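Just one chain is shown here, as C-alpha cells, and it is the form predicted alone.
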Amino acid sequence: MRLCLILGDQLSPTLSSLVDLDPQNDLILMCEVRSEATYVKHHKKKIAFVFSAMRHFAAELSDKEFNVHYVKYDDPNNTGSLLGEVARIVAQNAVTEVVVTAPGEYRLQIELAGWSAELNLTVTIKDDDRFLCTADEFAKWAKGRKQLRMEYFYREMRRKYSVLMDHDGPIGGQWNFDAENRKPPKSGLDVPDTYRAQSDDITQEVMALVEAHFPDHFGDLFPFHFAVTREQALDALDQFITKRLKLFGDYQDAMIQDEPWMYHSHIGFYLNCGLLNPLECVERAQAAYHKGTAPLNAVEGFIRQILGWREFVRGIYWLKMPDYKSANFLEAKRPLPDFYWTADTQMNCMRQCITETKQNAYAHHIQRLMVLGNFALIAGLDPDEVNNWYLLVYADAYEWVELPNVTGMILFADGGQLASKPYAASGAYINKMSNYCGSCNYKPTVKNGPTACPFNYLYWDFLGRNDGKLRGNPRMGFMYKTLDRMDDEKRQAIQDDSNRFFKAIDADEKV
C-alpha cells in the first residue's frame, strides 16, 4: 500500500502525487495539524478557509472512490504534526511507500527530506507541476544574468505559452501596459462586490472549531464568504472576468475608503491553495480580450500578475533560499508597532488598510506595498517581524510568495536582487492614489511639524539614514539630488520630526 499525503495548499485534482494512485489499494492522508496552524498565528479566516477547503476536497476525493483518511484538528488522537500523523498511519497499515507532492515552502522541504530515515520507509517527493515555470527552468534563465528583472522573465513566459502574442511580438505592439494602469480613483465609481459563497455545514463546523481553538489569533472570523471548492473558485474567477476585469487595469493601483475589494480578482486565495490553476486563469482573461469584453491594458495587467510576477517570485524564492530569509541589507531593526495589530493610529491610510486586513484577511497589492509596506520600509522595521506579519494576516500568504514580496519588493532587504530600487514614497503618492487623506488627522501637503503626514518626513529620513547603501543606486539619483539641495534648517526639521515620531512609537503613544 502507498500512502499519499496531501498538504493544505495542494487541493488540486491533477496533483502529481494523485496521478497514478490506485483508489482500490492506496490510501490518501489529509490532516489538520497544530504545527501548521500555529507556526505563525495565522488569521482566523485563513485557518477557516484552508481547513474548510481541505475538508471539501477530501469529500470530493471520497466521492471519486479514493480511500481517504482525514484527521480533524480536534481529533483526540491527532498528534499535532504532519510527521506524527504519517507515522501513526504507517504503524497501523502495511505501508510500503509514502508519496507526496513537493511542498511549496522551504521549511517543509527540509522536514520531508528527513522523513525516510525517521519512518524507515521510502518517501517519494514528486515535482509540483502546477506552476508554469519549474525551479530548474528559472535557475537556468537566471544563470549568468547580472540582474534578475521580472519584465524580461515575463516576456519569455509570454512566448513560452503564446499568451497575447501576434506571431513573434506582443499584441498591441508592447509587452507592458502598466503606464495605463495607474489612474487615481474618481468619484462615482461603481465597484462590484467580491464573490461571496454561502457557508455550508462543513464550513460552519470549521468556523466553530476556529472559534474554540484559535481565540487569540489575529483577525475577524465573521463574515466568511470565501470559495472553498473548485466549483466555487471557478465561479469567483468568472465573476471577476465578467464584472471587474474591464476596469481592473485602469484602477488596479487605486484605493478608496470602505472599498477593500476594488476591481481586483481576489483569486490569490484559490490559486495558492490549488483550487485554481494559473494557466486557466490566464486563458480566461485572454479569451475576454479576444471577445472584446475587456481592454488590452486590463487583460495584460492581470496576466502579468500571474504569468509574470507570481512565477517570478516563486523562482526567486527557490533560487535564493535559505539565505534569503535572513536578508537585511538596510540593517533595519525597529520593532513592529502595535498598531499593525490594532489599527489604532491617527494615520488614516494605515488605519484603513490594517482594519480591512483584520476584517478580510485581504488587502490589494498597492495597499500592501505602498501603504503598509511603504511605512515598514521608511520606518526601518525589522524584516523578520514584517515578514511574520504579512505571512499570518493574509489568507493567500505562503512563504514562497510572501517572502520575496516582503523582503525583496517591500523592504529592499535583499539589496536589489528582486527590485531595482526601494519602493519608498511620501504622502503625496497615497494622496494621489486614494481618498484616505481627506479623513486623516495629518495633512499630506504639510511637510514638517505636528500636522505633517508622517510619510513626508520619514521618507527623507529614510534616504538620509541609508545614504551609504542607496546613494549609488542609479534609480535613486534624483531623490538624493533633491535631498542635497535642502538647507540645514530643513534637514534639522526632518530629523526632529522623525525623532519625535519614533519616540512616540517607542512610548506606545498613538501616532
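A residue's number is simply how far along the shown sequence it sits, counting from 1. Worth saying up front: this structure is predicted, and the values here are computed from it rather than measured.
Keep in mind that the form predicted in complex with a small molecule is missing from the display, and what follows is about it.
Residue contact check for D253: none of its heavy atoms lie within 4.5 Å of the small molecule in the model of the complex. Contact check for T203: no non-hydrogen atom falls within 4.5 Å of the small molecule in the model of the complex. When contacts are judged by a 4.5 Å heavy atom cut-off, I306 counts as touching the small molecule in the model of the complex.
Residue contact check for P295: none of its heavy atoms lie within 4.5 Å of the small molecule in the model of the complex.
Annotated contact segment (heavy atom within 4.5 Å of the small molecule in the model of the complex): 265-273, selected among 195-203, 329-337, 265-273, 282-290.
A heavy atom within 4.5 Å of the small molecule in the model of the complex is found for one listed residue only; from W175, Y398, F214, F224, this is Y398. The contact with the small molecule in the model of the complex, taken as any heavy atom within 4.5 Å, belongs to H365 out of K140, H365, K243, K421. Using a 4.5 Å cut-off to the small molecule in the model of the complex, each of F302, R310 and V313 places a heavy atom inside that distance.
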